[in-house]
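Quick heads-up: it's one chain on its own, the form predicted alone, in structure tokens.
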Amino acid sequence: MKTALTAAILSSALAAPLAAQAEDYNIAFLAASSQNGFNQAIYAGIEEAAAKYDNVKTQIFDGEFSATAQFSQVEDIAAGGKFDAIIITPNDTVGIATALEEAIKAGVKVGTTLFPVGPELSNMEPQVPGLTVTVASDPVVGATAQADAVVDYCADKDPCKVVVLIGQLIYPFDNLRNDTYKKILGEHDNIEIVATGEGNYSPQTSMVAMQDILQAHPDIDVVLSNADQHLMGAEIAIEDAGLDMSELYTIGGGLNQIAVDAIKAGTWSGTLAQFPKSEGEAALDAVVKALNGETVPTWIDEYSLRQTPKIVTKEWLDANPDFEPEWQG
């Protein structure tokens, strides 16, 4: 009895210091741009998830929408030894792969949000050896849902004149979305893409692009964009041109608060649902579990994180009045 009690006391004495010495984890979030509202919402999710742990600290880095800047950040983190994990929203989904591979070899866990890393944007499984988790959806899936919605609207219009506002065609993911739009809309003889503008995820840039387009094509029927920020700028240009935004079919992407308000008011027609805060939370939890030696899924589909249709419309919002988007815009 005395022996058992002594063993229990020794066991307890040994266990207590071990528990108190739980390893601290420093996790870097490499934003595509820390000034971008979508990226800020991802980091808000990362911070909220980190707050659930006593030993997790996070820090955001500004990628400045620059592939070069982000590549250097990964190299510095891999060489510095301060950070245990990286969560990245990549600017260059292909070029960043080499730097991340070196970081993983240096013992840094890596999770990616919004897009996979590697040459195949529709392949959600790890294309970089050792990559811990991808929290994203296939860009083709969302772009297809948007294009199908435009096809439905245009069914009784001939011609149906469409303006596409995309981020930047130099980005592989925006190029893939644009190719998806062109493929699906091109299968319908009544639909004509009259112009394609680049908004660079900026309302100001999008406004200027839309002003230029309207000078050449004042009688459009549809504005199709991959980003709500683009529609915000386009709306100003459309109203300045004397057109009624609510009489056009307009669809954005991202599901921010501004889009929700505009759709409820009947000004915009719809937007593609996205959940940046949930992406950040899921990525943080996955890399922490991986650091703790747990097995985590290599892909978490963004569309599994919340229950909404891919295209959010006024009809759906009216039926779900308590719905709250995850970012302001």
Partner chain sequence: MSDVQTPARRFSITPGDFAREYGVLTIIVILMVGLSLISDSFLTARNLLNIVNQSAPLAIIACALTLVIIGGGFDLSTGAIFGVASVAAGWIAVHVDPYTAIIAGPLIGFALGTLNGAIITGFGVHSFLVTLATSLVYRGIAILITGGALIPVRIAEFSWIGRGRIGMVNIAVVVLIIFMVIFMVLLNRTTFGRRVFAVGGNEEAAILSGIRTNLIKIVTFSLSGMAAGLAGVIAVSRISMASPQAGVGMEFEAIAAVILGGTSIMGGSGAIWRSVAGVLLMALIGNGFNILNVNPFFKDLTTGVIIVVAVALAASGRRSR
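Positions refer to the first chain, counted from 1. For the two forms, the rigid core is made up of the largest set of C-alpha atoms that agree within 1.5 Å on superposition. What you are looking at is a predicted structure, and each value in this text was computed from that prediction instead of being measured.
Just so it is clear, the following notes concern the form predicted together with the partner chain, a form of the same protein that is not shown.
- Only one listed stretch (140 to 148, 202 to 210, 115 to 123, 75 to 83) carries heavy atoms within 4.5 Å of the partner chain in the model of the complex, and that stretch is 202 to 210.
- For a residue to qualify, one of its non-hydrogen atoms must sit within 4.5 Å of the partner chain in the model of the complex; none of 24, 276 and 281 qualifies.
- By the criterion of a heavy atom within 4.5 Å, residue 180 is excluded from the residues contacting the partner chain in the model of the complex.
- Residue 96 falls outside the set of residues with a heavy atom inside 4.5 Å of the partner chain in the model of the complex.
- Although the partner is absent from this view, residue 35 contacts the partner chain in the model of the complex, with a non-hydrogen atom inside 4.5 angstroms.
- Taking the partner from elsewhere, residue 58 is found to have every heavy atom lying beyond 4.5 Å of the partner chain in the model of the complex.
- In summary, among the residues 154, 236, 184, 128, the only one with a non-hydrogen atom within 4.5 Å of the partner chain in the model of the complex is 236.
- Residue-level contacts in the model of the complex: of 222, 232, 191, 103, one residue has a heavy atom within 4.5 Å of the partner chain, and it is 232.
- Contacts between stretch 143 to 178 and the partner chain, counted in the model of the complex as any heavy atom lying within 4.5 Å, involve 169, 170, 175, listed in sequence order.
- Remark: with the core as the superposition reference, the CA shift of residue 94 between this form and the one not shown stays below 2 Å.
- With the core held fixed, the Cα of residue 106 is displaced between this form and the one not shown by less than 2 Å.
- A movement of the C-alpha atom of residue 125 falling short of 2 angstroms is seen between this form and the one not shown when the two forms are aligned on their rigid core.
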